[in-house]
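Presented as structure tokens, the chain that follows is alone, the form predicted alone.
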Amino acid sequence: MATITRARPARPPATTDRRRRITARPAAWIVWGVVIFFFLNLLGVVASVLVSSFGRRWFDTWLPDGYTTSWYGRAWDEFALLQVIVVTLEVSVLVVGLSLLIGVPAAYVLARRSFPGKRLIFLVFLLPILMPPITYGIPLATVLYKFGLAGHMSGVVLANLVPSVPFVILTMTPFIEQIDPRIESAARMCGAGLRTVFLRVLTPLLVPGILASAILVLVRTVGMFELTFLTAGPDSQTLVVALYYSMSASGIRAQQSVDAMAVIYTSMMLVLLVVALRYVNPTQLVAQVKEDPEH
């Protein structure tokens, strides 16, 4: 009997895979080239400001004629940086505290209750985060000036609460949703009231989310320029607003002192970002909150 042999499917030659890799490489090279070019330019700008803040004179040469740290002392005295940093910390602490005080209970209501218009409320909370601050900052500043709140620290705090409170609500809602509601029911069956359940049962479980929200709001408040600029007065300027005014007066003051102030602000923001990246990982924190009720 004749044997029937089945034809094996032809394998694509190795040259085809090589051609695909070669055709895919130029696109990857272009992307990496653009990324490297961007970071090299950014590094060059930061390095030039850093070197200028230590240079004695720097006009037509590649490097300054000499180096000194006296510009930092002059910037500290000329721009009253101690008062500016204190005001920045006061505004940041007030914004973080009030945002958590308002946002955490509101997030609990949105996570545990179902009512008509809930999605619309979420959309309203998203608007201050998605929209550029200048679009609602100008009418907000107009209202604050009308009631005599702008130009003082109270106006700066109120303006920064507009994007900070929704940010806390949207950050804390997933954390609260991960907690089993049966834990609250068990606490109520044992005689605990709503306040006791919230403070002694939910708050320990929400510590990771509260910490994440607090650090992220702190970074956002320190770096917020538009709202603070529109509502700050002479005694309520944060560091980023004071840096802007020092840059606009760079023809009056030495450029090196302005660069020194910019280095101080950049260093402050880098420290906050490192702390945020070190202690805030939303994926791990949500997983931790989800695992806590099971134990």
Partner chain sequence: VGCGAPDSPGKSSGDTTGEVPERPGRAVTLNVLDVAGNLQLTQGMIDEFVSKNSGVISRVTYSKAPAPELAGKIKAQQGADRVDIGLVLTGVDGLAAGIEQGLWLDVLPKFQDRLGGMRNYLQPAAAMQQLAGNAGVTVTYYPSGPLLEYLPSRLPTPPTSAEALLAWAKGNPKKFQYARPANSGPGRTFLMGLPYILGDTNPKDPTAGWDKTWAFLKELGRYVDYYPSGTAETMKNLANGTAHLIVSTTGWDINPRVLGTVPKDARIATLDGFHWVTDAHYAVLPKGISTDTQAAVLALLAFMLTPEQQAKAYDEGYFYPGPAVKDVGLSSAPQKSQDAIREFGRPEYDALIAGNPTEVPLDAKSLVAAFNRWDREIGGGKVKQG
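Keep in mind that what you see is a predicted model, and the values were worked out from it rather than measured. If you superpose the two forms and keep the largest set of C-alpha atoms that fall within 1.5 Å, you have the rigid core. Numbering follows the first chain given and starts at 1.
Not pictured, yet referred to below: the form predicted in complex with its partner chain.
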**Request:** Classify residue 90 as contacting or not contacting its partner chain in the predicted bound form by the rule of any non-hydrogen atom within 4.5 angstroms, answering yes or no.
**Result:** no
**Message:** Can you tell me whether residue 76 touches its partner chain? I mean in the predicted bound form, with a 4.5 angstroms heavy atom cut-off.
**Reply:** no
**Prompt:** Even though its partner chain is not shown here, does residue 234 get within 4.5 Å of it in the predicted bound form, heavy atoms only?
**Reply:** yes
**Item:** 4.5 Å heavy atom contact, residue 229 to its partner chain in the predicted bound form
**Value:** yes
**Request:** Can you tell me which bits of 34 to 67 touch its partner chain in the predicted bound form, meaning any heavy atom within 4.5 Å?
**Result:** 56, 57, 59, 60
**Exceeds or equals 2 Å, Cα of residue 66 between the shown form and the other one, core fit** = yes
**Threshold 2 Å Cα movement between the shown form and the other one for residue 236, core superposed** = no
**Asked** Rigid core fitted, then: does residue 227 show a CA shift of 2 angstroms or greater between the shown form and the other one?
**Response** no
